[in-house]
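The form predicted alone is given below as one chain in structure tokens.
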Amino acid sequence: MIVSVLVFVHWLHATAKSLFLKPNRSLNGVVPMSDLNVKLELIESLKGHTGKVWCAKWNASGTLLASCGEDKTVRLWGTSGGQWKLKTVLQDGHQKTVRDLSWSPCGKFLATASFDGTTAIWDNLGGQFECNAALEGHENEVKSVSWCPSGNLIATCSRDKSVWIWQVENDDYDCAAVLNAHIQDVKKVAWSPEGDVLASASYDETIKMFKEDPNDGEWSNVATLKSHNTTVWSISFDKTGTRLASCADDGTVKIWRQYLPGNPEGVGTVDNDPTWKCVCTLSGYHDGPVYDIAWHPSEDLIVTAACDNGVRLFRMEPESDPNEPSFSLVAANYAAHSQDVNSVKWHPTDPKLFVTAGDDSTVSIWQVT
């Protein structure tokens, strides 16, 4: 009798939840494909890595795709006959897993971050990519690397809790700043589109903003963003640099907006620096941690990658209030990879393409249709 009552109560609870769910949502964030108005088509599945693929990114022109992973290699892919083919394998630059990579704006240089504590700089000035520099200084694994849009700065971050900024001049790479604002492992660094602000995401549940003082050239932490309650895995600026998307181990995506001093909304600022405020939280769409996020280069679209093997595509509602924006799930693939999806990046020139990389040793190219 007790068992029957418990079963009935469980059924009643589940039924009530289903009745009051928002449209286009299910209990686990899984929406039937037929209910989504945008589709994701797998264009190519690139294989060659052994072990996890941690990251895949196109160069600025979109003509070369670089991927890196657990096998300590970097693979460069290019198009041939309308298909993406392996062009070359870069190896012997690292002794351990290659965790992240970043192209220089000109496309002639590639920076790779490794668990061996170094960041390698590859260049093709001689006609083929070779490792001609290694940035050393971090005490532990380098988790992320990001090349500034102007090309004159590189940011790296590490398990040693620090963020380093490197000055790039000709073939020289000098440390310009060591930033110790985080109290735990730093997972990701990302420059704003203008290159004047650097953001970092950490195991300490925060996002930090750094800026250089034009008077003395010193870098400092000008803002701390706190809303996630677990590790912040990744961050991505929009095209204007005034909004930031973040994703975390708590399974949520958060949208942050910059408020300048004297803003009409009346949001307070300190020391003439902008304030960043969380204006939207998306939750319940992924089953577990969200590992990467990418804001579309020209539209209000955000794509996410997660531990549930899936990717999701969100669009901001055109009429929503910028101070309280609404985002809708418009496309999804619940089995984009057979294991965790670690990385997602948009193509820089084709607005319908993005690339993912996963624990299943695969790099996948997708088209939004």
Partner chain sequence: MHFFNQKMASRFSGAVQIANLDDFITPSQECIKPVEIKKDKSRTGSKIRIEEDGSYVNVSGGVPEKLARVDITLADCLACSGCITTAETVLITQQSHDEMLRVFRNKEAENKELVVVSLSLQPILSLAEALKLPHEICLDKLCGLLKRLGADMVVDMGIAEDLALIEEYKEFTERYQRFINGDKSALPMLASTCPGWVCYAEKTKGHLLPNLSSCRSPQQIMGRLIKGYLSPQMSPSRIYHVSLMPCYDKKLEASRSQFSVEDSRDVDCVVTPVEIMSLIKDVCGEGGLQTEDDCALDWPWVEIEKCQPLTRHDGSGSGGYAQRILSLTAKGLEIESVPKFENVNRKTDMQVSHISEKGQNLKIAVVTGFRNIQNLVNKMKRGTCDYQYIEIMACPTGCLNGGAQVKGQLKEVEKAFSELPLRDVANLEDLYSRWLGASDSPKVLQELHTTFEAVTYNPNPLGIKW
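In this text the structure is predicted, and so the values were computed from the model without any measurement. Positions refer to the first chain, counted from 1.
The same protein also exists as the form predicted together with its partner chain; that form is not shown, yet it is the one meant from here on.
Since only the chain is shown here, I'm wondering whether Lys187 would be in contact with its partner chain in the predicted bound form (any heavy atom pair within 4.5 Å). Residue-level check for Lys187: yes, a contact with its partner chain.
Mark Lys143 yes when one of its heavy atoms lies within 4.5 Å of a heavy atom of its partner chain in the predicted bound form, and no otherwise. Contact with its partner chain, yes.
Quick check on Glu139: any heavy atom within 4.5 Å of its partner chain in the predicted bound form? Because a heavy atom of Glu139 falls inside 4.5 Å of its partner chain in the predicted bound form, the answer is yes.
Any non-hydrogen atom of Trp276 within 4.5 angstroms of its partner chain in the predicted bound form: Trp276: no contact with its partner chain in the predicted bound form.
Name the stretch: of 288-296, 131-139, 75-83, 144-152, exactly one has residues whose heavy atoms fall within 4.5 Å of its partner chain in the predicted bound form. Only one stretch passes the 4.5 Å heavy-atom test: 131-139.
At 4.5 Å by heavy atoms, is each residue in Asp172, Val178 and Gly217 next to its partner chain in the predicted bound form? Yes: Asp172, Val178 and Gly217 each sit within 4.5 Å of its partner chain in the predicted bound form.
Just one of Trp166, Trp256, Phe237, Trp122 has a heavy atom within 4.5 Å of its partner chain in the predicted bound form. Which one? Residue within 4.5 Å of the partner: Trp166.
Only one of Arg243, Lys208, His94, Lys161 has a non-hydrogen atom within 4.5 angstroms of its partner chain in the predicted bound form; which is it? Among Arg243, Lys208, His94, Lys161, a heavy atom within 4.5 Å of its partner chain in the predicted bound form occurs only for Lys161.
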